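Take a look at this one chain, the form predicted alone, written out in structure tokens.
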């Protein structure tokens, strides 16, 4: 996703001189290096000064530019939170905050680099849109929307590298604010977003092997959430599962369960998320997901479908 963002941003910026990028002490990845060399006047590295990064982006937006603030998710959102709230959201400025490696993607770097709460925090901010693409193709589409159509602050949560294609076979296009079906099924609806959607697809395949066909939906836009589409899913499927690489409170599961109560939905709802704790587990991204209970086998057992 990171490289896809960089490639797409370079292409878009080559057509629109208003696009610029401000990074905070992060080595340029992919075509960001290409962009820096081609348009040095539109590239700024503030160093370890994330508050300055956000303040600069706010000033650029006030002068008619369309800046992107780009760094690791924890440092893109948590460290400069006050500036994001007061400089960007309060003034409703068209600045995209790009958080690389949401969830526990930066597994071996420990809790300081794990963005376990970012979706909840960003969603709580007035005027903030929250987007978490499920694969590189959705990352490209989301980048284009942020660059060309977004008129306010947005938090764009991306993976790091190596994410598989999950959406090329979908009959539904990526549309901001719309839930997207990426895999068909009749028995169960699995809702996910971000890189954990790959686990959702694996879970759907495992459920299929157990005789329960499962549809997978990419809920790539967390805010604004498409409640009309969610209502249709809750009414159509007798069993709905949410999977997210985020804390258990304030994310997709919370929104789905609350809305299901409001419309008196009768379906069974199961939710899987990161645990509400800092897990001191050293290992790969997959190891961290297993430790948090997001392994496919663990989820199958909790759904009563383990073979």
Partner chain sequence: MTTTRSPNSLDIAAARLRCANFRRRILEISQQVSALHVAPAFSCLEIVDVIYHALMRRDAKGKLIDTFLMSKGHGCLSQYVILEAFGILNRSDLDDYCTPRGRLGAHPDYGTPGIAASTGSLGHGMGIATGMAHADKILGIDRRVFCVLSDGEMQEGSTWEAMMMAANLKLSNLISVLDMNDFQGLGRTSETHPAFYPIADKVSAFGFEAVAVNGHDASAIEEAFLGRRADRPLMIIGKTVKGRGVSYMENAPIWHYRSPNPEEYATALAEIERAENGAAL
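Since the structure is predicted, the reported quantities are computational estimates derived from the model, not experimental observations. Positions refer to the first chain, counted from 1.
Only in words, not in the display: the form predicted in complex with its partner chain, which the text now covers.
**Q** Please determine whether each residue of 138, 165 and 225 possesses a non-hydrogen atom within 4.5 angstroms of its partner chain in the predicted bound form.
**A** Spot residues vs its partner chain: no contact at all.
**Q** In the predicted bound form, which of the listed residues (49, 38, 249, 281) lies with a heavy atom within 4.5 Å of its partner chain?
**A** Checking each option against its partner chain in the predicted bound form, the one that comes within 4.5 Å is 49.
**Q** Given that its partner chain is left out here, which of 296, 20, 288, 12 has a heavy atom within 4.5 Å of it in the predicted bound form?
**A** Among 296, 20, 288, 12, a heavy atom within 4.5 Å of its partner chain in the predicted bound form occurs only for 20.
**Q** Based on heavy atom distances of at most 4.5 Å to its partner chain in the predicted bound form, which listed stretch, 38-46, 269-277, 236-244, 256-264, is the contact stretch?
**A** Among the listed stretches, the partner-contacting one is 38-46.
**Q** Report yes if any heavy atom of residue 62 sits within 4.5 Å of a heavy atom of its partner chain in the predicted bound form; otherwise report no.
**A** Yes, residue 62 sits close enough to its partner chain in the predicted bound form that at least one of its heavy atoms falls within 4.5 Å.
**Q** Does its partner chain get within 4.5 angstroms of any non-hydrogen atom of residue 91 in the predicted bound form?
**A** Because a heavy atom of residue 91 falls inside 4.5 Å of its partner chain in the predicted bound form, the answer is yes.
**Q** Might residue 82 be said to contact its partner chain in the predicted bound form, defining contact as any heavy atom within 4.5 Å?
**A** Answer yes; at least one heavy atom of residue 82 falls within 4.5 Å of its partner chain in the predicted bound form.
**Q** I'd like to know if residue 117 sits close to its partner chain in the predicted bound form, meaning any non-hydrogen atom pair within 4.5 angstroms.
**A** Because no heavy atom of residue 117 falls inside 4.5 Å of its partner chain in the predicted bound form, the answer is no.
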